[in-house]
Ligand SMILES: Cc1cc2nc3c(=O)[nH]c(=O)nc-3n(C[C@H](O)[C@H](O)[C@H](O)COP(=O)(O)OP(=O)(O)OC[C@H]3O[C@@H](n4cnc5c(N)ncnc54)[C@H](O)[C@@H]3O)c2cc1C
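The form predicted on its own is given below as one chain in structure tokens.
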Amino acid sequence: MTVAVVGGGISGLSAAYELSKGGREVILLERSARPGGVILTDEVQGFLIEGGPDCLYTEKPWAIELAKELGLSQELIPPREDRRGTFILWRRRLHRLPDGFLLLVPTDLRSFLRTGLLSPWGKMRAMLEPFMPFRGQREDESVAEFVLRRLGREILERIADPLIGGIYGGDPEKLSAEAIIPRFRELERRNRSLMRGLSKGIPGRRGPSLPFLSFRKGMYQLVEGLLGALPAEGILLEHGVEAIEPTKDGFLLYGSSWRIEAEKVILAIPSYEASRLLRGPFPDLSGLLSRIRFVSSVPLSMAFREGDVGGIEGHGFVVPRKEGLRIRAVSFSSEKFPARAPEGTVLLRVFLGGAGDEEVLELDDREILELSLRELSTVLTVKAPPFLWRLYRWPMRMVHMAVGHKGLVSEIRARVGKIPGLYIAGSSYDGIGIGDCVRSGREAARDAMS
């Protein structure tokens, strides 16, 4: 049985790996000349610069498990403990996120009550959460609606908005609570209160652990590990699929100058690309796929001499929309993980784009650099421009899981299930993290082998 995997990002590579491990013949088709998708690590003048994601979250262990399978256990590294801490910008001051704060909910009350991030009323409103009425589990609601009714407006605007917006590049007023924060919804359903539920533990939580890990030589090590485990002859780069045609024995896949037959196909590409390919043979499915929305991201890495930038503390900070800045978050790469920058230098990464600021893509690279430095200078002390910088553009690469997303995905999967030999995988459906993508790719491969 030949299985064609369309898309050479981490989802497609994980699917191909699972198929190859199961003894299936695999053809991996990737449009670009480089596999890995948004996972990209550049080594420049002694700096290790991530163009896309820079860590694996331990709460979603599937990529870490894969790394261990590939023999990369010794390459996994923890964050720098001596630089620990996440900060939130509020009224142009950086406030440390209170200890024990679990995304939305305080668990260390002493630390929570001491923070200057919230007003006395904001703290009091959050502490009233156990007494807020439970109105029954709704089908879905926005993240903003959920946080407002459980914890109040200040938690939403000053904590949930920058943290969740920073991770997902989205608008909490539109993001789906069911898709983005399902564990908190489950806590509410089971306990009628988030705080009461947290005192018993989070459903599905695996116990205390480091929040995230990376690789000694950067995230691309995971891609290289997968490539090394796959037959080289089955990886076809610069092979963009232009059309798919179902046949009685499977599918024909067409490129600009080639044609490949496969009994089964896994589409590990963004849903809008899958929609384009399926528009002819499966218009109803194509229409459903086209309803999933995406936002863009623009990460910019900058290297400074150590004395040229001041005010750096912790691993980085996130920015609420109320601050009126276009930078969404800043990660202090050289403080977050070891061996990211030569001694005497600082490497940081600014994130722009996301919901509400797609226009940033219309600026040229130099304009984005100057904009970032202007805004960064309102928070940190910047005495000189960076002596090295790298900018990456990821247009329409981050799914915006709007209210109703899980229901839409269920409908899509039901339609896909009626097409023998066709499978879908990737960040468009169940999560944007690398761990989510690894799980999605491997599950699609197992379905194809069953």
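The model shown is predicted, which means the values in this text are computed figures rather than measured ones. In case it trips you up, residue 1 is the first one in the sequence shown, and so on.
There is another form of this protein, the form predicted together with this ligand, and it is not shown here; the text below is about that form.
- Checking Asp308, Glu273, Glu224, Asp140 for any heavy atom within 4.5 Å of this ligand in the model of the complex turns up a single hit: Glu273.
- Note on contacts: among Trp62, Trp389, Trp394, Phe47, the single residue with a heavy atom within 4.5 Å of this ligand in the model of the complex is Trp394.
- Residue contact check for Ala268: one or more of its heavy atoms lie within 4.5 Å of this ligand in the model of the complex.
- In the model of the complex, this ligand sits within 4.5 Å of a heavy atom belonging to Val241.
- At the 4.5 Å threshold, heavy atoms of Phe351 reach this ligand in the model of the complex.
- Under a 4.5 angstroms non-hydrogen atom cutoff, this ligand in the model of the complex lacks Val416 among its neighbouring residues.
- Proximity to this ligand in the model of the complex, taken as heavy atoms within 4.5 Å, picks out 48-56 from the listed stretches 48-56, 64-72, 379-387, 405-413.
- With respect to this ligand in the model of the complex, the three residues Glu30, Ile39 and Ile432 uniformly fall within 4.5 angstroms at the level of their nearest heavy atom.
- Scanning 292-315 for heavy atoms within 4.5 Å of this ligand in the model of the complex gives Ser297, Pro299 in sequence order.
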